[in-house]
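Only one chain is included here, represented as structure tokens and corresponding to the form predicted alone.
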Amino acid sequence: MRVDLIDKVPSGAIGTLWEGTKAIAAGFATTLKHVFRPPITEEYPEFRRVLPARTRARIVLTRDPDGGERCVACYLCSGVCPVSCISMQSAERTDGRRFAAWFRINFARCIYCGLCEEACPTSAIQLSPMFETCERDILTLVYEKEDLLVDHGGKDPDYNFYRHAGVVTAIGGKGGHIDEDPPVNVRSNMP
């Protein structure tokens, strides 16, 4: 009594075996096709890829069109930061304008989320496309205000917070700013 081996194999197993063999052969064919292609290598320091406009990388502090610091030390950026990497101290000049006496960012903790940029009412803090912040010593990633300040207005070079905000300064009083209505006398509104 001789029993054929083909009779012992289930009928669907031969088709499954054939499909598995085809899949393995297709995988090897793809591998062999790419093995003989020349490599596409971009040498990094010499060739730098153009980054998208919305790239979020190193934080900078911008200046207004008059050359003054935009930061008014409102603490919104440090308050919204999920990893608490921003710290500052506020001060006030003789003309009533607030500024940051010192401003510090720890880039070793920063996750480049962009929440500080969104929270800033003066467009002072902006994320730039400069992503090369790799250092051997972690303490060199703590940047002070002097390291963060740039000499331009960033993404909105014509914006000046004190010309638009209703804050009494040497630039203007209440109702004297751009697109601002004069203050309403609340006593005239009484019945």
Partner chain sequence: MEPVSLDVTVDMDLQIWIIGTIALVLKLGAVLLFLLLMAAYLVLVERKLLGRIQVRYGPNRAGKYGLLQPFADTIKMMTKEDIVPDAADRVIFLLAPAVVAITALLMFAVIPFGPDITVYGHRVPLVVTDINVGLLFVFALSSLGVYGAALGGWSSNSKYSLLGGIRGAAQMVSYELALGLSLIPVVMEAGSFSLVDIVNAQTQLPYILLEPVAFAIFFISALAEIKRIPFDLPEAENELGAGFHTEYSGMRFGLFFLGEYVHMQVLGGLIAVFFLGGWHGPLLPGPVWLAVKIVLVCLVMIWIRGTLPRLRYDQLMNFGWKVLIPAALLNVVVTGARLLW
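Numbering follows the first chain given and starts at 1. Keep in mind that what you see is a predicted model, and the values were worked out from it rather than measured. Definition used throughout: the rigid core is the maximal C-alpha set that superposes within 1.5 Å between two forms.
What follows is about the form predicted in complex with the partner chain, which we do not show.
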| query | finding |
| --- | --- |
| In the predicted bound form, the one of H152, R48, K155, H34 near the partner chain [non-hydrogen atom within 4.5 angstroms] | H34 |
| G27: touches the partner chain in the predicted bound form, heavy atom cutoff 4.5 angstroms | yes |
| 4.5 Å heavy atom contact, P52 and the partner chain in the predicted bound form | no |
| 4.5 angstroms heavy atom contact with the partner chain in the predicted bound form for P38 | yes |
| Rigid-core frame, C-alpha of G67, shift of 2 angstroms or more between the shown form and the other one | no |
